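As a starting point, one isolated chain is supplied in structure tokens, in the form predicted on its own.
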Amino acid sequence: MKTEVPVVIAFVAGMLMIVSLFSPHPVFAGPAAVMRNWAIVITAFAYVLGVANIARISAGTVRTRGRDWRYKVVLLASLGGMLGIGLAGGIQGGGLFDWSYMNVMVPMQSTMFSLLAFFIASAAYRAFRARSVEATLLLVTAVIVMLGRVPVGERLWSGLPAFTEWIMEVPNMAAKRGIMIGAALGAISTGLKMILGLERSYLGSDK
């Protein structure tokens, strides 16, 4: 029963959502809308459980003076501070919560993305070594796109920006759509396996 009941629930819920996408009949659309609202509520509780789990693990690390426990103290203090500010003063624009987010969180995010740019440049330098035909093609294309995005590229050739846009909108878009189609087919196959009971890893067992 511990295995059969969740599989039956997954099958009924999955088939109901699939049928509701192809049939607007209230018999299917009504229960499907209710289930979507349930999913939103469950997602909200999942966020709460995630925050509680992070707080529990961080508190344990601080208590045992584990690795990087000082950073955990900052994490817990920031978490508690923002939670208290939000509960006490609300999260509307112009309030203390909004000010703290815009003047603390946003600058830190900008710093992280600035550092990420250097890591990307370092990884690109290692990846774009012309050791094969594919790597050479990638290197040449990357150089053309980068030159087409900066003013010096237009000075070298006036048609370079337009050529760069063609690369991004035609070959790059074709490859991107191929990847997206492959990912969608993979998600569909995984969903069908879960609905039909062939995939039961979410139950904690492969059987």
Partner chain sequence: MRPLTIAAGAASGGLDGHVLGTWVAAALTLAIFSFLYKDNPVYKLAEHIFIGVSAGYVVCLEYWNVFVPNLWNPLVSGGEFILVVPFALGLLLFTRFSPRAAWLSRWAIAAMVGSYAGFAVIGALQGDLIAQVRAAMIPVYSADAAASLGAAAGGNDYVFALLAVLQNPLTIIGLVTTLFYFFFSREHRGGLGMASRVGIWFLMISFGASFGYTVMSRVSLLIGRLHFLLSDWLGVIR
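Just so you know, these numbers come straight off a predicted model, no measurement behind them. Residue numbers count along the first chain shown, from 1.
FYI, the form predicted in complex with its partner chain isn't displayed, but the following is about it.
Asks: Only one of 59, 27, 48, 156 comes within 4.5 Å of its partner chain in the predicted complex by heavy atoms, so just point that one out.
Replies: Comparing distances to its partner chain in the predicted complex, the residue within 4.5 Å is 48.
Asks: May I ask you to state whether residue 197 is within 4.5 Å of its partner chain in the predicted complex, using heavy atom distances?
Replies: Residue 197 lies outside the contact set for its partner chain.
Asks: Even though the partner isn't displayed, in the predicted complex is residue 53 close enough to its partner chain, meaning a heavy atom within 4.5 Å?
Replies: Yes, residue 53 is a contact residue.
Asks: Taking any heavy atom pair closer than or equal to 4.5 Å as contact, tell me whether residue 63 reaches its partner chain in the predicted complex.
Replies: Contact check for residue 63: no, nothing within 4.5 Å of its partner chain in the predicted complex.
Asks: Quick one: which residues from 165-185 get a non-hydrogen atom within 4.5 Å of its partner chain in the predicted complex?
Replies: Contacts from 165-185: 166, 167, 168, 170, 171, 172, 174, 175, 176, 177, 178, 179, 180, 181, 184, 185.
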